[in-house]
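Heads up, the chain below is alone and in the form predicted alone; it's given as structure tokens.
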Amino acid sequence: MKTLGYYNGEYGPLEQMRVPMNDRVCFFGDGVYEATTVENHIPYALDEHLQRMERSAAKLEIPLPMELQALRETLLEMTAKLDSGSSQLYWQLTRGTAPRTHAFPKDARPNLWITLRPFSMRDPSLSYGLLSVPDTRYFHCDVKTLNLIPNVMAAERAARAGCEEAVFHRDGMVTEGSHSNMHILKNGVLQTAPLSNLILPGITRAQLLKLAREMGVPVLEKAFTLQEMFQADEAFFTSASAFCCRASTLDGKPIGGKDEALLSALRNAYLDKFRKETSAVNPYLEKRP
């Protein structure tokens, strides 16, 4: 099977899956989501993604449809069903199915969606362009909700400018990317915005900071400006699908390129961690017909 979908216990190819029009995701984007890269049928950092989803759902008062361990097993079973060992695993939880009304429906049960499709990770050895965009989003960016219109519009602006990613900023202070966390290297120090309600607590971000500290690289969790990005030795972004990608331009002007050795060391350490974790064996592969 090339693609696979799941909706409340029903499986099928994504092209054949159908969902109710009254699912509140259709009206309000009323839900939360997670996504991770799958290699060798192993979803990377699955437990961390599940824990973040649990936190996001709790903030929106959406109950989980099953225990985390049961959801974990469901996701592992899904990845074993797909023919390709390299894929993207995406899952979302919506508040439920009910006639359109803003207040929570009283008797609705949460809906669980899962999608799997072949996926090739962005080449981390290349350099990419960035475009700065004012951050006009609301003040709950730490919750991984399905309400992503500002991110979609920013990503489209970046794509039209020939850039890979948009850099959100509030009055010149960088928050994050449209679908990534932003970082700089300056004088051997890794700097990134601190966790707050203005940025998503990225799984890749957290793991990279941990690796940096283990490598003896100083870490400074402090917001930086667009001007500091121009003055940095290196600028890069991280996400579950990009891992650790160097930026070479910002708004059409060159940036970074002054400490490629340190950036490469961080990137290679992260790739090593990814390869080690995804070298495990998915137990559900043995149950495939």
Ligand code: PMP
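Numbering starts at 1 and runs along the sequence shown. Note that the coordinates shown come from a computational prediction; the quantities given were computed from them, not determined experimentally.
Just so it is clear, the following notes concern the form predicted in complex with this ligand, a form of the same protein that is not shown.
Using a 4.5 angstroms heavy atom cutoff to this ligand in the predicted bound form, none of 24, 95 and 100 count as contacting. Proximity of residue 178 to this ligand in the predicted bound form falls within the 4.5 Å heavy atom cutoff. In the predicted bound form, this ligand lies farther than 4.5 Å from every heavy atom of residue 46. With a 4.5 Å cutoff on heavy atoms, residue 224 does not count as touching this ligand in the predicted bound form; it lies far away. When contacts are judged by a 4.5 Å heavy atom cut-off, residue 79 does not count as touching this ligand in the predicted bound form. Note that among 65 to 73, 257 to 265, 49 to 57, 228 to 236, the stretch whose heavy atoms approach this ligand to within 4.5 Å in the predicted bound form is 49 to 57. The partner is absent here, but in the predicted bound form a heavy atom of 200, alone among 108, 200, 212, 193, sits within 4.5 Å of this ligand. Note on the partner interface in the predicted bound form: the residue among 250, 240, 245, 42 having a heavy atom within 4.5 angstroms of this ligand is 240. Contacts to this ligand in the predicted bound form (heavy atom within 4.5 Å) from stretch 117 to 152: 137, 144, 151.
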